[in-house]
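Only one chain comes next, encoded as structure tokens, the form predicted alone.
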């Protein structure tokens, strides 16, 4: 097995394990995107005259077969291969011979991995935005079916004013849709094509058409200048994780409300047995573990963002191997938020709301502000006087 940078010199096993780390396993997520980018690159090489039509056709057939085999689980990136790029090129060369050795012309693993990461990120941003919309839709259904139920609104954890279940659910739905909009907007930096920037300084002599790979891969534009591409590493990822962290916060606050509302002291909601767990000691207990974990996982996305930002902080320009460490927090952060969103969308339809408990919690004192406003409107009192009188009634 040869790596793309091999010069037939032995590599210390401990060095291999340390430098590759988990990258080979993480890269399994990127194989399909690397296949797609490699196919676009091969098409561009053929159009520029650096790859014959016959070689191009063979490469495209082999890439399709190799990608399909990976999707079926027939191979995975091995530690000895370090990354998906070596794994893919080795298999391609084994399948088509010399034509596979021509595929790396005009690119580096630096622009290759970034192209795959950006393709992955654009897809994940769209998917996570859709999952946020799914939770919002579940809240819409609650508002439509039980939205007129009266309940207290809270400030400082104290009952403040009357509101409705529709007002509560609608507030979260609106913010989750705002999160979805933020996630969609975060694709701006990921929508720039890095292919052709190579190791960060372009490619001498070759006449490469970056617009071809830009169109083929659905990027909005080529990333220019090429010297900015490696300097941009981590920015698209951090922007995406920031928006994911905001979504996680809204999901966590929704889950926190449901944990409170499910307590005997509140009693606003009843959770079906399928959504709760039991106690190993207390036979009567049913615990809202699902919602507690969603609340707790808010910290995972924020921690992933902080970890990613720490990798690139004060890093000099150009490529550095540290940039490999971006993948782990990026994948972990998105996985965490996505799991929370999917679970909440699944769980919300099963929650029951106790109308009597909710209505009973709206005592007359909660209408004090309303009484003050009525005195302003009906009696013409200054608000401060109306406020004083409302305290006395």
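Here the structure is a predicted model, which is why all the values come from computation and not from measurement. Residue numbers count along the first chain shown, from 1.
Omitted here: the form predicted in complex with a small molecule. The next part is about that form.
Asker: Taking the shortest heavy atom distance, is residue 146 within 4.5 Å of the small molecule in the predicted complex?
Answerer: No, residue 146 sits far enough from the small molecule in the predicted complex that none of its heavy atoms falls within 4.5 Å.
Asker: Looking at the partner-bound form in the predicted complex, is residue 179 within 4.5 Å of the small molecule by any heavy atom?
Answerer: Contact with the small molecule, no.
Asker: Just to confirm, residue 120 within 4.5 Å of the small molecule in the predicted complex by heavy atoms?
Answerer: It does not: once the small molecule is placed as it appears in the predicted complex, residue 120 has no heavy atom within 4.5 Å of it.
Asker: With a 4.5 Å heavy atom cut-off, would you call residue 60 a contact of the small molecule in the predicted complex?
Answerer: Residue 60 lies outside the contact set for the small molecule.
Asker: Since the partner isn't included here, can you check whether the small molecule sits close to all of 85, 113 and 321 in the predicted complex (heavy atom within 4.5 Å for each)?
Answerer: The answer is yes; 85, 113 and 321 each reach the small molecule.
Asker: With the small molecule left out of view, choose which of 327, 29, 70, 56 has a non-hydrogen atom within 4.5 angstroms of it in the predicted complex.
Answerer: Of the candidates 327, 29, 70, 56, 327 is the one lying within 4.5 Å of the small molecule in the predicted complex.
Asker: State the residue from 286, 109, 297, 102 whose non-hydrogen atoms include one within 4.5 Å of the small molecule in the predicted complex.
Answerer: So the residue touching the small molecule in the predicted complex, by this definition, is 109.
Asker: Heavy atoms within 4.5 Å of the small molecule in the predicted complex: which of the stretches 245-253, 313-321, 201-209, 263-271 has them?
Answerer: Stretch 313-321 is the one.
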